[in-house]
Ligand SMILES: C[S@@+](CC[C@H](N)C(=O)[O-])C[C@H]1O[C@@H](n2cnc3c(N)ncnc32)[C@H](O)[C@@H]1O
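For reference, the chain that follows is the form predicted alone, supplied as structure tokens.
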Amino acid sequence: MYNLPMSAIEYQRLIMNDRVRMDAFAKALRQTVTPGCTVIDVGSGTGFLAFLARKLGAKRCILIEREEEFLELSRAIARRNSIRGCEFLHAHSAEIRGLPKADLVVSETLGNFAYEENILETLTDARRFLKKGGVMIPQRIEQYAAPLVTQGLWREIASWDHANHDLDWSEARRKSMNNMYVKIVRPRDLLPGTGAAKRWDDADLTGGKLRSIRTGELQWHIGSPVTIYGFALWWVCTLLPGIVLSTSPKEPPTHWQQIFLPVEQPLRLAKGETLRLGLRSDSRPAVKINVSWTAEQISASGKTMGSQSMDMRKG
């Protein structure tokens, strides 16, 4: 018996049955693994990526996993499937020195909010494992946002308004509004029009310094009266050129869902006004993850009519 928390092994079961995810990573490995190559799997979990690389002809696969229970499980899976040529390291990858240079470094440390599992920091450090000319998977993460025009998710978070017994629940409501939520967002929930989805961040995982603090500012010019209840976030991750994973509401569903960022009070915008969104993400290891956002309503003449700021540190 493996001493795994039920939630942890259940999550592994979910991702292993996510055909969109599994097929994309398998396709990427088929394009990059060559006979006799060395592969390092960072945050290896059950070991699937390393095991598949070995089956595709990799000579040496090194699995790095900081959760000892998962490392033991992956060892057992390797034995059960007679997979050899694998090394299992119990550590955070940033702690490891002296590894051989790899032809391929692969890591699937993506969260519902793309950076919540510290993929930026992990892969920035993991580049040192690569040979010159080696390949990193994934290679790029783009983050998108769009306003929500349906009230269902907002009403759920704002349900403190209807708590009874003649008590003032405003402090609890404020904490709820200062949080991000993993939710299913449907295309019909988004602001209509082809320009509703806008990119607010773009991270190249293959080179350059990746900042842990990411910021973006977006704006939407309103063509007809609309009420905004918050914002949906999602990501598009390029594993290799032409092989992409997306959590967009308009793409095939995965085990990942979208992020809902509420506003404290709905924003009612008239034709000709502008909606502005400022976003800040902080994934420094000491922070883990913090997201803050500011929504502003701008008149047709350019005057700020209202501003609401939310921050997970208040939630």
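A residue's number is simply how far along the shown sequence it sits, counting from 1. Please read all numbers here as calculations on a predicted model, not as lab measurements.
Omitted from view is the form predicted together with the ligand, to which the following refers.
Contact with the ligand, judged by heavy atoms within 4.5 Å in the predicted bound form, is confined among 177-185, 140-148, 104-112, 160-168 to 104-112.
Contact check at 4.5 Å (heavy atoms) against the ligand in the predicted bound form: all three of M16, D41 and I64 pass. Taking the partner from the other structure, the ligand in the predicted bound form has a heavy atom within 4.5 Å of a heavy atom of H92. The ligand is not drawn, but in the predicted bound form it has no heavy atom within 4.5 Å of S212. The ligand in the predicted bound form comes within 4.5 Å of no heavy atom belonging to T294.
Contact between I259 and the ligand in the predicted bound form is not found at the 4.5 Å heavy atom cutoff. Put simply, of L49, V263, L269, A58 only one has a heavy atom within 4.5 Å of the ligand in the predicted bound form, and it is L49. Of all the residues from 9-26, those having a non-hydrogen atom no more than 4.5 Å from the ligand in the predicted bound form are Y11, Q12, I15, M16, R21.
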